[in-house]
Ligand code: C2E
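What follows is one chain in structure tokens, specifically the form predicted alone.
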């Protein structure tokens, strides 16, 4: 508050000084005019111009007395009005500033809320829930207390969406959130942690009987018919639970254990299960990974590889897709299809994505310094990062930090990730486009597969999934799909990338169909930074 007040005080003084200066100028002009009028009147009355005639004229001419007073009266009035106006302006600016400050506070609070809450149910989202769980575990540890983590999901929810529509599915989720909150009251925490998944934290428990009691209440309220319009709908849920510190001390591991228990519940008669060690035996590798993933990110133990995307006709580099790799001392090489889903389930996906963005731009800046060129990069985004309102700001900061123009960075996003929260996704995508980035729809054809829907998406490129590209020489159906997709995408003004190009015959066929960009092991496997530069030099030779 101090700086705005100082600024207003300074502005008021400037206005008053300007008003005083103008008033003094007016008074000076008025005085000169009075003297001139006096001298002129003396000349006409006494026939000469002298001090004595001027004094005599002032003494004997009543009209000049009035003229003498007028400029001083107006000067006083003008000074008075200028002070009044500056005070009024001060009050108006104060009121407007406070109003704008209050609006800014509201917008900041709303932005903070949107970043941490699910738009559909208004519950904490997966990212916020991970933070809340860490806090609860820390407090439980300090107080020597126990807590339970409960995860539940709706059985056959995809079938509900497919048969009744997404709008009905959304209403079920909203009503489900309300029912959960009616049972899991403070100090319990409820969050929506997935498409049809919800999680609860039950703090300060004495034994499992309290957890079982809450689960029974949850089951009873959720198995009551849902009223959607005129149609009652029955749902069934599967519920898994894990305990701190009995089962584990790490929040990420507890999250995985609750998920394993929930999946086990799906095949049990009661649709409920506590975590047991036997559930984790098939996932020993994943359990090792979840404990090491955060450390790998914090200690920069991961690496990035770059797979070229080339022009279909010239075979020259267009850009490179960024792919994370993780070599673990005990588990060996770990690929994205293994650790990315784990990062999503454990709440580490944003930390992973922002590391990839920053590290790839750092590498891009290093290439520019060493080789004098900027490589355009394509980074994959998960649904959780896509709906993060902070994404545009953090990307902009990374671009500025490494001095890379925005048009050299693009994001590859799947159709299903966009549709998981369409309103927020489109808002974030538009903000990224406003920065100058490009958006590519990845794995096209495996999600909603609606080309007409593309006109609503702020994308400049689609990538045809490798499952269609693999068999275009032998499967007429796949060939028709790929050829038609290329033609229709071009009608929408979109570039087309074909993934999974494994031989020259496929590459030539795609080129004949006017596919714009090719990507696949035939052209190049993913390469580390040094190998990538060697490949690029061979292409340029």
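Numbering follows the first chain given and starts at 1. These numbers were taken from a predicted model, which means no experiment stands behind them.
The same protein has a further form, the form predicted in complex with the named molecule, not shown here; the description that follows concerns it.
In the predicted complex, the named molecule sits within 4.5 Å of a heavy atom belonging to residue 502. Interface membership of residue 337, defined by any non-hydrogen atom within 4.5 Å of the named molecule in the predicted complex, is confirmed.
Taking non-hydrogen atoms only, residue 294 never approaches the named molecule to within 4.5 angstroms in the predicted complex.
The named molecule is not shown here, and in the predicted complex it never comes within 4.5 Å of any heavy atom of residue 529.
Using a 4.5 Å heavy atom cutoff, 325, 349 and 521 all lie near the named molecule in the predicted complex. Judged by heavy atoms within 4.5 Å of the named molecule in the predicted complex, the contact stretch among the candidates 329-337, 118-126, 189-197, 220-228 is 329-337. Note on contacts: among 380, 171, 264, 363, the single residue with a heavy atom within 4.5 Å of the named molecule in the predicted complex is 380. Residue 443 is the only one of 114, 443, 359, 136 with a heavy atom lying within 4.5 Å of the named molecule in the predicted complex.
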